[in-house]
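Quick setup: one chain, the form predicted on its own, written in structure tokens, and binding and motion questions come after.
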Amino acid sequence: MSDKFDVIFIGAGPAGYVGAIRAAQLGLKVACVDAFAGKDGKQALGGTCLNVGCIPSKALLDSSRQFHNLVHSFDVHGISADNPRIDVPTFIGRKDKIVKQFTGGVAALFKANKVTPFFGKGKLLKGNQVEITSPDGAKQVISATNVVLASGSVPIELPFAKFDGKAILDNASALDLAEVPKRLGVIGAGVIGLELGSVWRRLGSEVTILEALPDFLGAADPDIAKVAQREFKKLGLEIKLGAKLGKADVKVGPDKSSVVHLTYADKDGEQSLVVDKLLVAVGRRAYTDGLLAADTGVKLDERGRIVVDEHCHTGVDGVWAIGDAVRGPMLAHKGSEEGVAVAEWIAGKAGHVNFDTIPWVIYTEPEIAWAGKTEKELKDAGIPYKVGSFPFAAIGRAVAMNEAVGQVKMLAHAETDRILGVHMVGPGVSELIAECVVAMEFKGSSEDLARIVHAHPTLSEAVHEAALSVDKRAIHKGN
């Protein structure tokens, strides 16, 4: 058995690796166990986010956006190019290079902070011991005073549309296509479906998204979702709502390549669709397979998530859990903050995560972002509120960028003026939401944001004007 650690993190995604680094900063002896392997077969720290999630998808989104704008938007700037084309291997290669840079960066951070990495699948045993099974099947056991479970999540697989990595894809496979599919089907109009659907649509694929729910982006504010849906339609994304997939059969097409025959039901009855590739993006589930020995005492809920209290403790002495494997939104930044908080709690300090101010972002074009309560949630809870909104069409910087689509919508308490929620769709809103999160974290009011000087001309003026609009005093639009 190896030397005993102060804390072992099982999982090196955004929750585990960030928590491990913070724990090491606090003077603890730290190990981190992770089984993710890169294309070269070597350990690739960073979990789903850095390897096949947040980072690679943003790389492809940016590359595809550049190409789309060259083909469709640059003419208004007086820029033209003859016969632009996309070289898919280079497109994918750039993404891979960025992934390798960041996974290598985590390894360097581990070394600098004296975090000991172990390559293999971790399993919690009784007594805060961790069994590590390496890729070659060899096993070893290490132990610690504290163990933090940060095992992450995996894509949900439909029983009638199982992933094969060729015709029926999960998010990882959809990041590595060798060519642009002529027809791409997507099951699920959530974050992954919209982002990856946008990538391949911009490069010329005919994209059809089937969403079982009747409403588009039900978690978002309806006003924001309406604008986004309209813009996605302009992009050419065909989104069919209330469409429930019943069957997906892989068959050989006329050119001997595989095609996927879909059968789905909507308000008009049974429908059919044939696509060359099918991305199944119906959500993710906590990954706890093989994570726990039977006698650990750690409990799972009805959705397979690890049960924890408000401090991410499992109820078993010295065992904690964070990130996608526990309750709350499956967001990398939520997991990271839980990792920091747990490290600080273990070290005897005051950790903190405010679930009411966690921002959500969808990195499509236009971008979508929000934090706090929606208008419907406030109505249902009987909370009195007032609303302010402002369009990017009236923002000089947005017009100059030729990206004057969308709006900022702010919700404040009708009596105290405290900001309860902010919802945005438009250019750069993934960055603009941060100002609102800061204001909400400090219990700020719409008046606070309205009184703060915002630089001109900037996109952030939309936040300023929305705050002014809460009290019907926006300067650059009628109230």
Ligand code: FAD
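Numbers follow the displayed sequence, beginning with 1. The model shown is predicted, which means the values in this text are computed figures rather than measured ones.
Although it is not shown, the form predicted in complex with the ligand is what the next lines describe.
Partner contacts here mean any heavy atom within 4.5 Å of the ligand in the predicted bound form, and among 423 to 431, 23 to 31, 450 to 458, 53 to 61 they occur only in 53 to 61. Proximity of Asn146 to the ligand in the predicted bound form: non-hydrogen atoms within 4.5 Å are absent; the residue sits far from the partner. Residue contact check for Pro14: one or more of its heavy atoms lie within 4.5 Å of the ligand in the predicted bound form. By the criterion of a heavy atom within 4.5 Å, Asn171 is counted among the residues contacting the ligand in the predicted bound form. Within 4.5 Å of any heavy atom of the ligand in the predicted bound form lies no heavy atom of Val437. Between the options His333, Lys373, His313, Arg397, the residue in contact with the ligand in the predicted bound form by a heavy atom within 4.5 angstroms is His333. Taken together, the three residues Thr48, Ala150 and Asp324 all come within 4.5 Å of the ligand in the predicted bound form, as judged by their closest heavy atom. In the predicted bound form, Arg284, Tyr287, Leu291 are the residues of 260 to 295 with at least one heavy atom within 4.5 Å of the ligand, listed from first to last.
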